[in-house]
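This document opens with one chain alone, in structure tokens, the form predicted on its own.
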């Protein structure tokens, strides 16, 4: 029997608990607190991850960053997977003009460099959580669409689906009851990958100045560290805290994607 990745699941669960606690105000609620004379303090017992240029505790900001990461990752990845799955199922089921239109739309989106399109859409929609998630979803559904379309085209010709169609089952019921169970592992894997990609996209957008304004995200921390020349001044702790937290969240999510991929049925 293959060994279950309990360590990765536990790490992901810890991050989720921390994010929920921060969202409810039970943890790191004082991340905005500024302290005169405590600017740019190195990690110590009082401030395990040091302080920033305003004397704010970086541990509190890092914990709050987990809340932003789960919000951005869940909303953006969920929207991207939902759009891609819906269009992929529609194209595979109805074919003809619907398939041609969906293929044209996916090709048009894929023709533009992904991050460039995210930056443009985010700049047009403005700062904030929903504009950022919308920008990512608009760009990132194409890969999900292509995978779902290819697998759904195979599934619609299976005997059990043909039998259900012959019995007069409506298309929506067929998609939800007969196609979605087979597609679920693939969609979970795609959601996991898009989750991490959305967090990375937020970091890039914050670095470029079109990300989440005045939010304690890891991307904002990285952008501030670069803008204030932390590394040039030997102040490594802010960049290390944000980058390390992002990596420690990405690793278990990638492991979850691997497990979901292993469970995806093959033709």
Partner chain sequence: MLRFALHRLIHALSLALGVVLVLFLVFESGLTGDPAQREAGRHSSARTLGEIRLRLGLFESFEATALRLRVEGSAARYFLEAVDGPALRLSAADDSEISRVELAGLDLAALHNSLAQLELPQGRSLWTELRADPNLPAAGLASALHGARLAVDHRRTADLGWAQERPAWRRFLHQSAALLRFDFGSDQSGQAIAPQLWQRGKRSLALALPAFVLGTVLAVAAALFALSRRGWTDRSLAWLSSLMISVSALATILFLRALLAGKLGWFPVAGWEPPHANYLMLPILTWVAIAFWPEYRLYRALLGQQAGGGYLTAARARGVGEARLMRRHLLPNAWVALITQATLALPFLALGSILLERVFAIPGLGSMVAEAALNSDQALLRAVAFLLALVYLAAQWLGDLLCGLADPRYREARA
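Residue numbers count along the first chain shown, from 1. Keep in mind the model is a prediction, meaning the values are calculated, not measured.
The protein also exists as the form predicted together with its partner chain; that form is not presented, and the subsequent description refers to it.
With heavy atoms only and a cut-off of 4.5 Å, decide whether residue 137 touches its partner chain in the predicted complex. Contact with its partner chain, no.
In the predicted complex, is there a heavy atom of its partner chain that lies within 4.5 Å of any heavy atom of residue 160, even though the partner is absent here? The answer is no: residue 160 has no heavy atom within 4.5 Å of its partner chain.
Check whether residue 108 has any heavy atom within 4.5 Å of a heavy atom of its partner chain in the predicted complex, and answer yes or no. Judged by the heavy-atom cut-off of 4.5 Å, residue 108 is in contact with its partner chain in the predicted complex.
So in the predicted complex, does residue 23 come within 4.5 Å of its partner chain, heavy atom to heavy atom? Residue-level check for residue 23: no, no contact with its partner chain.
Can you name the residues of 208-244 that have a heavy atom within 4.5 Å of its partner chain in the predicted complex? Those in contact are 208, 209, 210, 222, 226, 231, 232, 239, 243.
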